[in-house]
Structure formats: structure tokens, C-alpha cells
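Just one chain is shown here, as C-alpha cells, and it is the form predicted alone.
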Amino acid sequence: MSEQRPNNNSRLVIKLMAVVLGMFGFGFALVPLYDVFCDITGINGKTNPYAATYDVQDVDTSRTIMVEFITRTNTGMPWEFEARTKRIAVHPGELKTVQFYARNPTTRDIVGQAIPSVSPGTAALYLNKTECFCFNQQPLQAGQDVLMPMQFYVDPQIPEDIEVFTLSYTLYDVTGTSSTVAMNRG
């Protein structure tokens, strides 16, 4: 009977190690799985990182969608950053352009990158940007300011229950990791 006890303990240790390894593997795979899930469902509010093409289409003048714009800078990003248009009414299928203002008030050159998010997240599936400053990094020299356009349309297939959505941009300082800085130096 004493020989079975060490054998049972060994099995228990092996099972516990397998559970720990399984939990670690699941935790490691969770981020890519979450990204795939969000891409499929559009829940996360991530917008398409590439420019859409605008084909002249029928504008649905029977509906109006209100699009709100919010801007913020990440902690440590010293730029001034604001949407010149806070809110705009759009008919689905109608091409609109809005402007965003950025200013680097510091004495050093900084490269910024804007990351968009849409709320409610399902509206992100119907927001099509044909031109956006968020597609590229934005280098600003010390004291420089700039107006940055964002051109978009709302897909006419947007569900009837979405009457208002918010497009939010968070601006990050990517100077240390920027390929733009390296190109400007070389």
C-alpha cells in the first residue's frame, strides 16, 4: 500500500503541472483570440486601419446619423489635440470631411500616432475612412501646428437602431519607436 501512495502523488503532480501549463497556454493565446473575435464581431470599436474607396453611391437622405468626435492625448504626450468639428450630421452614403488640429508646444520634435475607437463598437463596421491622419505617424517639429483632415462616409447598411456614434482618437507619442524619425535623420 505504501508503494501506491508515491505513485498517486506523482500522478497528482503531473496533473497539476498539466493544468498550470494549460492555463499559461490559454493566457498566452487569449490576446490573439480576442483580436480575432473583435475583428469578426466588430465589438471592440476598432476601425479599419486602411483607406476605403468611395464609390459614388445612393445617399440615404431619409436617415441622418449623428457622428461625434472626441480627442485626447495619452499620458506624457504634450501636444494640443482637438477636433475642429465636435459633431456632424451625416446621411448614410454621404462623403464628409472634418478637420483635427494638433500643435507641438514643446522645444523638441515629436512624432505622434492617433489610435481611433468607435462607440458603440458595432458602428465601427459601417464607418469608412477614405483619408485619415490616423493611417500614418504625424511628425511635428517644435512649435509647429497642423490641420489634419479625416474624410469618411457611413455605410448605408448601418442598422436602423444606430442613430448616433462617437469616434474617439487617442494621440500617443511614438517618437522613440518611429520609423519617421529615422527617415528624417538619414
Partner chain sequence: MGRGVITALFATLLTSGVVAEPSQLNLRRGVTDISAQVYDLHMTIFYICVVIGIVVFGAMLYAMVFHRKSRGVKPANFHESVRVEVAWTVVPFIILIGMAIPAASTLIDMEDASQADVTVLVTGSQWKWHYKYMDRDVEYYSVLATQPEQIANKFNKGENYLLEVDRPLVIPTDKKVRFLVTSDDVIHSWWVPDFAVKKDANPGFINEAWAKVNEPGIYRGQCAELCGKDHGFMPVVVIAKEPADYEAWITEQEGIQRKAKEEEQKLLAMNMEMDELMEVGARVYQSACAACHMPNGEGLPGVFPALKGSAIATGEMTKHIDVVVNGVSGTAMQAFGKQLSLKELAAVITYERNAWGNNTGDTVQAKDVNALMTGK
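Everything numeric in this text was worked out from a predicted model, so none of it was measured. Numbering follows the first chain given and starts at 1.
Another form exists, predicted in complex with the partner chain; not displayed. Remarks below refer to it.
Among heavy atoms of I70, some come within 4.5 Å of the partner chain in the predicted complex. Contact between D58 and the partner chain in the predicted complex is not found at the 4.5 Å heavy atom cutoff.
Although the partner is absent here, S119 lies within 4.5 Å of the partner chain in the predicted complex, judged by heavy atoms.
Although the partner is absent here, A89 is not a contact residue: none of its heavy atoms lies within 4.5 angstroms of the partner chain in the predicted complex. Using a 4.5 Å heavy atom cutoff, none of T64, L147 and Q151 lies near the partner chain in the predicted complex. Using a 4.5 Å cut-off on any heavy atom, the residues of 75-92 that reach the partner chain in the predicted complex are, in sequence order, T75, G76, M77, P78, E80, R87.
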